[in-house]
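We've got the same protein chain twice here, in two forms, each standing alone as structure tokens: structure 1 and structure 2.
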Structure 1
């Protein structure tokens, strides 16, 4: 037995030492070649990084990205952390650097955290664009901007004030206290509240861990603990149906308004029943599609700094301001139009 183990160890050592040195010769140069800038023969490889997988929002974005990849004839890689985690995002970017891709399109969980890795990618000749949430400006060429934090915050706050007639108490349900862009939205909401709507008062801010069931429990507790709260503002997508269900079960549909950032499909039922008033979101599928178009254009040198317009084929032409490609204003899904969308 002992001899057998020794033998195995030796074999293992030979295999390990045998495969390692020979590899760099074949691997490294081709890596340099592919990152140096896609030659005409090889299709571009675009790596698409969501904040987290298993999130319906990014699934919708991916749907658009894949459509664009087909339109452009590029290879699309889709991978991300299973939970939103800045360190895991870095790890994935670092591995893509090793793999050698042409462009990375990233939705950044955390601006400073990911920028370190994205800069490194740029140093290796990989083009970087961001979408959904930006990195630091020096870590990417373009940001496909679906809406600024101010744009989102203002839209939500304005809608809340409109529904309550400018005065009243409201509460916010968020995913977690540490999620990067939600913090920015909260700040924008607070600022808009202070500047324009002195009559509006935020009574509570609760995290729901990005879980619908927990959002339901939180919303119920908020409504019972603060009987004067007249509106629930939900800034993560599972919280919108969760809060709507809570209002419905409390028998206060109509008295307590529900608005939030969410996907049309998850909210159709409540919007039609009149529980949820407005769901605000951009056209996520288009965001994914535009991002891949922009990524390919950057890699091919068609989208350069100084551009004022970007034509994304069948999708249309988009405005470019500075280094932001603008998708357009956030969209309001209401009873009247929600049936036209399927994502």
Structure 2
């Protein structure tokens, strides 16, 4: 009888235990809402993909992204190639698809190359936005654009023309011949050149792979092959100090002007020495911050097609043109103001 009672007690305990609601699955996708008990949803996971994670430009963007993540209460993942590498970007996107992140925010080294992977992410329910350099439009919801290609191209070409008096030879050093944003900037520069400054002639277009040392080598080669080049226009941030160092070592400071898209801290020395005349850029920290705000808003259904403006909290309200969220107009850093900035 005692054995029978013990057996029945065990069976009853098992039945009671089996009728209790099971605990929530800790492996639920990030951002998925809990159904039992009405508990709060997990925070969004936003994956932030730079072209190269060691580039000072993207380190500055990351600072803004992390600031926005704290403001919004979201989880931020940051990963990218150590040097610009489209294949490595694709691998990282595939990893994030497997992990089940909520949003991917990507700066695309090769727009065609990464778009297939980003479309796959969308097919798995992951939202996609791009920043700095766009993918193909069907591979993302919105592009957080630092400025329009026309705004950037016009600013660079106008400054080059001002320094050369509207005539003379110049050369461009870019990061990559395949980066979508730089291709668009080059087109805008060429258009402005043809329409407003027919007396100016571009003599070379060389890639530096987003590397300062390679930019130095390319600038040196350009100056040796084109002795009449009077200005080096650099459209990626590592190229500006690289080209400035080449001009300085060649003993041609003042004879060959240096301008470009760069970070104040990387160029202060050359600007103060008179080697670099003008650095043109936008507030890169704000670009990263705005990107994460936009990514979260897309994931939450707050930023939708047809929007004409977007509020990013304390950062401010920004124009939306089509599927582009615009940070604003480029800014010129010169000897007169560059000490006011620290990034």
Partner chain sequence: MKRYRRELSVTACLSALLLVLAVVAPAFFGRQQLLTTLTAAAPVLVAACGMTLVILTRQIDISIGSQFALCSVAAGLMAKAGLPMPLVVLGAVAGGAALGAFNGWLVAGLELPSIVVTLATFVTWRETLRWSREGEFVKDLADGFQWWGLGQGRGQAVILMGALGVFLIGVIFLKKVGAGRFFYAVGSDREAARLAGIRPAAVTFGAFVILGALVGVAAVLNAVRFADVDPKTGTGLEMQVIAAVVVGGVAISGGRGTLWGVLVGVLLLACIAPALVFLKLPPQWEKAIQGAIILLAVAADGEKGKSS
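In this text, rigid core is short for the largest set of C-alphas that superpose within 1.5 Å between two forms. In this text the structure is predicted, and so the values were computed from the model without any measurement. Numbering follows the first chain given and starts at 1.
- Compare the two displayed forms of this chain and pick out the form predicted alone. Looking at both copies of the chain, structure 2 is the one that matches the description.
- Query: Based on C-alpha superpositions, what is the rotation angle in degrees of the smaller rigid part between structures 1 and 2?
  - Reply: So the smaller rigid part is rotated by 14 degrees.
- Task: Give me the C-alpha shift of residue 248 between structures 1 and 2, core superposed, in Å.
- Result: Here the C-alpha difference is 3.8 Å.
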